[in-house]
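Next comes just one chain, in structure tokens: the form predicted on its own.
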């Protein structure tokens, strides 16, 4: 049985993940704005959100893979969003709401495995839950309900690919590198 207690080193690691990803998320704001400018003339401006969503959902799965404890994905994601807000991210305090939703979404994938598996399977589950939950949130918050069914499917597909690449593949590669560098002991399968 893996411990569910957080020790000081775990809290420090979560804080570091929050700070590092706060900076990454803040930089992602500029990427989002660039995609919006490029895609709007083609009627695809909303797709900027979906293309960058994977970047904004990385802190949670990485925290879960490194700490392997219940709540790590939620706290990692929420702290990353808080870091972006404190750096002056363009959405201000709304980042906390997004971080809350994305934190729950990324935590669900690990919850469904009973916090026993930290591997490709759990990352794939997290990719699916993050895609569906965040898309559902944007359905209401960003007015996706008013788009055509065809555009919604395109946005959902783009979001899934983005989350799979950033929060799945890239997180797995980073955690594997950290295991090889002996920064963390092992990623439990």
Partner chain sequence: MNPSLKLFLVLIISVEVSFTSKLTVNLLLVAAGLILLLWTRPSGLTLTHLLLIPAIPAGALALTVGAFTPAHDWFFAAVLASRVYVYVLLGSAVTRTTPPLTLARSLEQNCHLPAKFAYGTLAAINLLPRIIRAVKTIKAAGQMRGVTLSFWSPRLYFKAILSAISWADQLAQAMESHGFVEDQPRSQAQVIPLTGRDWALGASALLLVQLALVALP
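Predicted model, so just to flag it, every value in this text is computed and none were measured. For clarity, a rigid core is taken as the largest C-alpha set superposing within 1.5 Å between two forms. Numbering follows the first chain given and starts at 1.
We do not show the form predicted together with the partner chain, though everything after this point is about it.
Trainee: With the partner left out here, check for me: in the predicted bound form, does some heavy atom of residue 86 sit within 4.5 Å of the partner chain?
Mentor: It does: once the partner chain is placed as it appears in the predicted bound form, residue 86 has a heavy atom within 4.5 Å of it.
Trainee: Please determine whether residue 118 contacts the partner chain in the predicted bound form, using a 4.5 Å cut-off between heavy atoms.
Mentor: So residue 118 does not count as contacting the partner chain.
Trainee: Counting only non-hydrogen atoms and a 4.5 angstroms cut-off, does residue 5 reach the partner chain in the predicted bound form?
Mentor: Although the partner chain is absent here, residue 5 would touch it in the predicted bound form, with heavy atoms inside 4.5 Å.
Trainee: Can you check whether residue 105 is within 4.5 Å of the partner chain in the predicted bound form, heavy atom basis?
Mentor: Residue 105: no contact with the partner chain in the predicted bound form.
Trainee: Even though the chain is shown alone, can you say which residues of 116-142 have a heavy atom within 4.5 Å of the partner chain in the predicted bound form?
Mentor: The stretch 116-142, when checked against the partner chain in the predicted bound form, contributes 137, 140, 141, 142 at the 4.5 Å heavy-atom cut-off.
Trainee: Has the Cα of residue 101 moved 2 Å or more between the shown form and the other one, judged after a core fit?
Mentor: Stays below the 2 Å threshold, so no.
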